[in-house]
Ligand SMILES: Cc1ncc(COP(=O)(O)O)c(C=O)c1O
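What follows is a single chain, given as structure tokens, in the form predicted on its own.
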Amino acid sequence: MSEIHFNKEEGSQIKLFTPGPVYIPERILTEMAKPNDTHRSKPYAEMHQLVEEGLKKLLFTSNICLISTSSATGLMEACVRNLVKKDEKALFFSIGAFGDRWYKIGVSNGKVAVKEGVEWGKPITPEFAQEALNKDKYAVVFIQSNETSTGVYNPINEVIPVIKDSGALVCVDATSSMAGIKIEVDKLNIDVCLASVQKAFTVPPGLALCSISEAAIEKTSQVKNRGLYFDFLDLVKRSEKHQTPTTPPIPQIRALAAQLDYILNHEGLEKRFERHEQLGKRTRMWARDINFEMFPEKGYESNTVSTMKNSLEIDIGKMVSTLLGKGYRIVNGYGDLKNKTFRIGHMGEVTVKDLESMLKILTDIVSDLRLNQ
């Protein structure tokens, strides 16, 4: 197999079935190539406002929506820095690598951070959450909706009410599910719901966003030493003028404005959620038919990224590289799960037909590897 290198002339020709960044359609790339005014101009503010309004519809919220020039990790750190006082305790629920990352962010910022985790592949259940919350008084609770490393979707519709009953603020990392799986922010009373755009939103990396509640804004005003770049109060103040505190990636914001219009007014939100549900179901059917076991506990599988166990004991690295030679990229397991699992991303603008084409080729590769192992 010939190696894949940087394509200076044409850009990448690989069809991505990864957990992000995802394949970007030509219509989005065309939007990004359009000229822009400055980030303090009226035309920019009008574009920024369109994004804010679109995000509110997408998240079913009346809360303020903020835009950050960062990855989602930046807003994960913002939640820690802005919402947890020095003498308060923060609880981090973890079901995988990115739950662990949020806990590490808490520790590295000098907060009193407590991690309550489960075996990777399992979710946080309402019962587990209640037991953890009974142990102490927590000011803020942090949880993933979709854990990208394990392919587990937490039952947040059942867990978040338990958290809110404790009196804590709740922050949700929806990085690999927002715009692919329905999240009703106001119904669940989520204080901060965050994501980045390079996954289900289908926009190139460089931009993160979140909704923020009045309770979270009020709490921010009580916290000292919030830092400068990710100060929620500064972000909120600038959002009143439909701006950001510092220069944002304007082409990405233009692309996001166009993509939100496409999602809301062309595909339709419910149809988009339904398509992702079909993609998840089809991938799980394929895994079953070829005798790969799903890594997540049954009933908690994600509809945006599927993680399979290496139950056939084949060379996962060779499987991935052989598929890459055919023009498709999937990925090995994350961190400690490397070679023990592999992941297929099916989010953004992927269709069931696109997925079927890739899975047909992958099936032949797996068959060949099994014959020769």
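Given the structure is predicted, the values throughout are model-derived calculations rather than measurements. Residue numbers here begin at 1 and follow the sequence given.
There is also a form predicted together with this ligand; it is not shown, and the following applies to it.
Just to confirm the contact call: exactly one of 209-217, 233-241, 140-148, 114-122 touches this ligand in the predicted bound form at a 4.5 Å heavy atom cutoff, so which is it?
Stretch with heavy atoms near the partner: 140-148.
According to a 4.5 angstroms non-hydrogen atom cut-off, is Phe98 in contact with this ligand in the predicted bound form?
Output for Phe98 is yes: heavy atoms within 4.5 Å of this ligand.
Partner contact for Ser71 in the predicted bound form: this ligand, 4.5 angstroms, heavy atom:
Residue-level check for Ser71: yes, a contact with this ligand.
Does at least one non-hydrogen atom of Gln252 fall within 4.5 angstroms of this ligand in the predicted bound form?
Gln252 lies outside the contact set for this ligand.
Does this ligand get within 4.5 angstroms of any non-hydrogen atom of Ser196 in the predicted bound form?
Contact with this ligand, yes.
Here the chain is shown alone; which of Thr283, Asn82, Thr202, Thr175 has a heavy atom within 4.5 Å of this ligand in the predicted bound form?
Contact with this ligand in the predicted bound form is made by Thr175 alone.
This ligand isn't shown here, but in the predicted bound form which of Leu256, Val192, Met76, Val159 has a heavy atom within 4.5 Å of it?
The option sitting close enough to the partner is Met76.
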